[in-house]
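Here we start with a single chain on its own, the form predicted alone, put down as structure tokens.
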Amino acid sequence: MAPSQDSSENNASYTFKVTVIGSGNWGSVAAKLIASNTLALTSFHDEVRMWVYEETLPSGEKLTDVINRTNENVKYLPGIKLGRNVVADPDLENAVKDANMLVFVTPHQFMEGICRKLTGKIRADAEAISLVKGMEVKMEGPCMISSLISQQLGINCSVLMGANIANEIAVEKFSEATVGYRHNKDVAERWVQLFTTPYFIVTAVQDVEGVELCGTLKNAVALAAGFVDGLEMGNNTKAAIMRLGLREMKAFSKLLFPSVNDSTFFESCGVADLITTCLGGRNRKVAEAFAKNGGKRSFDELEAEMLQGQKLQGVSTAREVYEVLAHRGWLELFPLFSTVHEICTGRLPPSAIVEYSERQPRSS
């Protein structure tokens, strides 16, 4: 088992204790990045708790027991050592008990339930960061996950997004990411310090909504790219779809939040994340299979078959974006986003992805 009370000399004066809430593919990689830094930096407690949604493996063992014995998440990140100072904990309240830096990295559809369970259970001085890509849509409009965390838990929440395919970072291939922060530059720099390694370079920008919407919306565009791949339409078509997708990402973000900066779309969280997700992400991969099957096999079925328990974000994001567009009368302004959702639900065939552009928006 990883050490859990290594609090002698090297932890005598630590200020910050980190818990990672989530332990899927990206959550496990985040824990590995963070754990290497908490050992090296005296202001952080060595131990990194990682909340694990408990599962029983085919061997009959509990996932948390196997992680703590082998130092590997054998289900979601096999073959990668997380760091001896990572401790898997199946008890959410216990995992966050002493932490004042909370890293949220779970599928976005689980976040509301997690926040409900944590209300009143965390330190008053805690800071949060969300690596969650997605949003909640309520009657009154869209709610970003960082806002959900801030409102439910009463704490400040930054975001981290970027061109980050988890398995590549796990094997220490060079990558970048963007921290979006609201007001406090010192807090942003602390997050940068916690995540930066020689192979993972993090920069901070003062634009939470811009960074978070880039990370959220690009998954819907990646579905469009996957449809193009499944229909074997080639690179010119795919590049056109990516450009149109980036244009709609920017327009949608700025309509919802006029404070969003144009420059954010040129950070790692913007155009770089869009490129990598449309070339290599899980949303692209499953959308390709969906198009190859002529839309006759559902995304749920393909997700279960292809992703070994990981979750697709793009299909639910496309639905949530569509709900916002329909509610506000904006569907004609966003033909790509609208078409992606209609393909996902079977209202249009995958081939509609290249026909949509004939539908002219009402205005620019």
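Quick note: we count residues from 1 along the sequence shown, nothing fancier. Here the structure is a predicted model, which is why all the values come from computation and not from measurement.
Same protein, other form: the form predicted together with another copy of the chain, not shown, and the subject of what follows.
Engineer: Ok, 193, 100, 203, 150: which has a heavy atom sitting within 4.5 Å of another copy of the chain in the predicted complex?
Structural biologist: Comparing distances to another copy of the chain in the predicted complex, the residue within 4.5 Å is 203.
Engineer: Looking at 112, 189, 262, 93, which is the one with a non-hydrogen atom within 4.5 Å of another copy of the chain in the predicted complex?
Structural biologist: Partner contact (heavy atom, 4.5 Å) among the options: 262.
Engineer: Only one of 228-236, 79-87, 207-215, 114-122 gets a heavy atom within 4.5 Å of another copy of the chain in the predicted complex; which is it?
Structural biologist: That would be stretch 228-236.
Engineer: In the predicted complex, does residue 267 have a heavy atom within 4.5 Å of another copy of the chain?
Structural biologist: The answer is yes: residue 267 has a heavy atom within 4.5 Å of another copy of the chain.
Engineer: Answer for residue 146 alone: is it within 4.5 Å of another copy of the chain in the predicted complex, judged on heavy atom distances?
Structural biologist: No.
Engineer: Answer for residue 168 alone: is it within 4.5 Å of another copy of the chain in the predicted complex, judged on heavy atom distances?
Structural biologist: Residue 168: contacts another copy of the chain in the predicted complex.
Engineer: Using the partner position in the predicted complex, report whether residue 126 sits within 4.5 Å of another copy of the chain, counting heavy atoms only.
Structural biologist: Answer no; every heavy atom of residue 126 is more than 4.5 Å from another copy of the chain in the predicted complex.
Engineer: Please determine whether each residue of 287, 302 and 338 possesses a non-hydrogen atom within 4.5 angstroms of another copy of the chain in the predicted complex.
Structural biologist: Checking in the predicted complex: none of 287, 302 and 338 is within 4.5 Å of another copy of the chain.
Engineer: Under the 4.5 Å heavy atom criterion, name the residues of 159-177 that approach another copy of the chain in the predicted complex, in sequence order.
Structural biologist: Read in sequence order, the residues that approach another copy of the chain (within 4.5 Å, in the predicted complex) are 163, 164, 165, 168, 169, 173, 174, 175, 176.
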